[in-house]
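Take a look at this one chain, the form predicted alone, written out in structure tokens.
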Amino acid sequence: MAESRTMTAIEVSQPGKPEVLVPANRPVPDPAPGEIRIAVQAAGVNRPDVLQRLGKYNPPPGITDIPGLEVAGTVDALGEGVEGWRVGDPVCALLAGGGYAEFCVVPAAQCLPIPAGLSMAEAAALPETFFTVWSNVFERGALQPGEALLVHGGTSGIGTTAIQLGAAFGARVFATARGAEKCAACVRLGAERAIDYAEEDFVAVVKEATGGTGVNVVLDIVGGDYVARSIDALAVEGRYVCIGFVRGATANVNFFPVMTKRLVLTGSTLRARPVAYKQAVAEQLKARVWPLVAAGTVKPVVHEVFPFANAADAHRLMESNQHVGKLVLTVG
């Protein structure tokens, strides 16, 4: 607690299976100039947290080893020079680490107000996926109204966000998922067509649905053999954006269609990007997306909420790939 200057955090005791996530006493962090300290009420669980637990995705230099890339709570203290926030304000934030704790510090530039009508658990499910989808689909992928978007991993946290935002901004959205139940979830969220990748060829389906043209943007969290197939599914001047590689980080790619269709192949990570970049994304989200969330047009999809002490169970569920949308931890 703040008075005792210590707090409970969930740390990675050593790289390994979910049970290496254990409670620990840590000092309450003090906000540096330009930072806010948040009394955390809920924290999102994301695939990079799993990779960090496995020892495959270390925090950037100078960032706490406590996992957790997004939180919601209330402003607990303000660092020097912070304006526009008051102690007690409800807030959600994108972090570079430290979310699995009772308190965290974060640059004020990466903080956003909680949209009206959302619970703390729902608000904690917003930052990581919404920042990621906005920067990759709408900035790097330059998706335009009337274009077609193919989202791989449609029922992941990224996927459920990308489907909704693509549809909300006037795109035709296609998504891949496994099984009838997950495909139905994608359609409910706004996908024109969900493709069961275990039963169907997503390249053939999107080509048929677009009259042979293909899609304009692919958002890929799968990688591996999906890279070459996604290139086949792209239209002339299409953009392929890779943000993950569940099926592997290497691919055998024929660059002839890249040249003849004048494609753009790109990708990014978010965690190590400068604060100024994240601030620019936050401003876009606040102006263009937060009103849609407040109106209920777009919403975080929360599959299950776990107490902080059960972080290992949340990681087990994430690794099982049985969830639709986000997993969230709550304090108290």
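Owing to the predicted nature of the structure, the values given are computational and were not obtained by experimental measurement. Note that residue numbering begins at 1 and tracks the sequence as displayed.
One more form of this protein, predicted in complex with a small molecule, exists but is not displayed; see below.
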ask   = Taking the small molecule in the predicted complex as the reference, which of V264, A295, V275, L51 has a non-hydrogen atom within 4.5 Å?
value = L51
inquiry  = Based on heavy atom distances of 4.5 Å or less, which listed stretch (111-119, 151-159, 202-210, 255-263) is in contact with the small molecule in the predicted complex?
reply    = 151-159
request  = Indicate whether the small molecule has at least one heavy atom within 4.5 Å of a heavy atom of R193 in the predicted complex.
outcome  = no
ask   = Within a 4.5 Å heavy atom cut-off, is N321 in contact with the small molecule in the predicted complex?
value = yes
ask   = Should F103 be classed as touching the small molecule in the predicted complex when contacts are defined as heavy atoms within 4.5 Å?
value = no
task = Spell out, yes or no, whether the shortest heavy atom distance between A280 and the small molecule in the predicted complex is within 4.5 Å.
result = no
